[in-house]
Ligand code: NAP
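Below you'll find only one chain, the form predicted alone, shown as structure tokens.
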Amino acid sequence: MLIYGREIRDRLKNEIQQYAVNNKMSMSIVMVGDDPPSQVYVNGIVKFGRETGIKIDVLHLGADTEESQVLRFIKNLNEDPAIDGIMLQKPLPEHLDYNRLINEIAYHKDVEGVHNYNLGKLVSRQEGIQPSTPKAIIRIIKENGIEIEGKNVTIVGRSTIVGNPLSVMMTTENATVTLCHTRTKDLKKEILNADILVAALGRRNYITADMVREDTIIIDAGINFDDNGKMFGDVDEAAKEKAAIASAVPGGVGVITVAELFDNLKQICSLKNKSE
């Protein structure tokens, strides 16, 4: 059975839109280069902002932009009181240091929840801004009545924006978590042990039907495009058909992720309003 995220996204969208009626919000996106999938994602954010009445500015810089220039733009956004949230779109050109740049964003404007300050709060189980894709994954699981506590959760992908923070969040939900990657010695064995499998490695159809059990729940957070612009996940369709439940791509985790990004912006603005 395939599960979708549009109904969840629409409910979140309505809540955000209602909040935006009485609370002015704005977000700036720093995008360096011309990665087509990134542009699709950013276009989706701009559309969501337009539909909810939230101001979104995209600072689109050339692929040859020096790191010092990007740092200067981020500094200006940090100092601008009219900007509530800042996002640095990945991937970046190879000459730019993502970790350095993301940690130059003021932590209280980090709408993606990936600044070291916010990740530190996540690890120490304090309330704070959490990464949007892991939030979307947790939400789609819970909203479909799937228990996490006590389950064996295998996550394939160890990025700082999905796999690693999700492993912490799943542990907080009392799951037993195995964090895997492409160099895991026996990946198939680890996946076969999973009650819940989360694929987040960015490789089209990497996980095949022989790697999953029939009672496995699959959450496919992969986003991959072919030469014609068609979107695919990290899990082969045959594996999803074999599994008990699987999230769709497109239409699953990805559509909720954008809403979670704006939910983070709403949280940032709420904290800001309380402190004023």
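Quantities reported herein were computed from a predicted structural model and do not represent experimental measurements. Each residue number is its position in the shown sequence, starting from 1.
Below, we refer to the form predicted together with this ligand, which is not included among the displayed structures.
J.: With the partner removed from view, which of 79 to 87, 200 to 208, 144 to 152, 119 to 127 is the stretch that lies within 4.5 Å of this ligand in the predicted complex, judged by heavy atom distances?
T.: So the stretch in question is 200 to 208.
J.: Report yes if any heavy atom of residue 221 sits within 4.5 Å of a heavy atom of this ligand in the predicted complex; otherwise report no.
T.: Yes, residue 221 sits close enough to this ligand in the predicted complex that at least one of its heavy atoms falls within 4.5 Å.
J.: Do residue 158 and this ligand come within 4.5 Å of each other in the predicted complex, heavy atoms counted?
T.: Yes, residue 158 lies within 4.5 Å of this ligand in the predicted complex.
J.: Would you please decide whether residue 111 lies within 4.5 angstroms of this ligand in the predicted complex, comparing each non-hydrogen atom pair?
T.: It does not: once this ligand is placed as it appears in the predicted complex, residue 111 has no heavy atom within 4.5 Å of it.
J.: Answer yes if any heavy atom of residue 174 is within 4.5 Å of a heavy atom of this ligand in the predicted complex; otherwise answer no.
T.: No.
J.: Which residue, 92, 140, 170, 162, is the contact with this ligand in the predicted complex, using a 4.5 Å heavy atom cutoff?
T.: Result of the distance check: 162.
J.: Could you work out which of 189, 100, 181, 72 is the residue within 4.5 angstroms of this ligand in the predicted complex, going by heavy atoms?
T.: Contact with this ligand in the predicted complex is made by 181 alone.
J.: Can you tell me which residues in 117 to 133 come within 4.5 angstroms of this ligand in the predicted complex, by heavy atoms?
T.: Stretch hits: a single one, 133.
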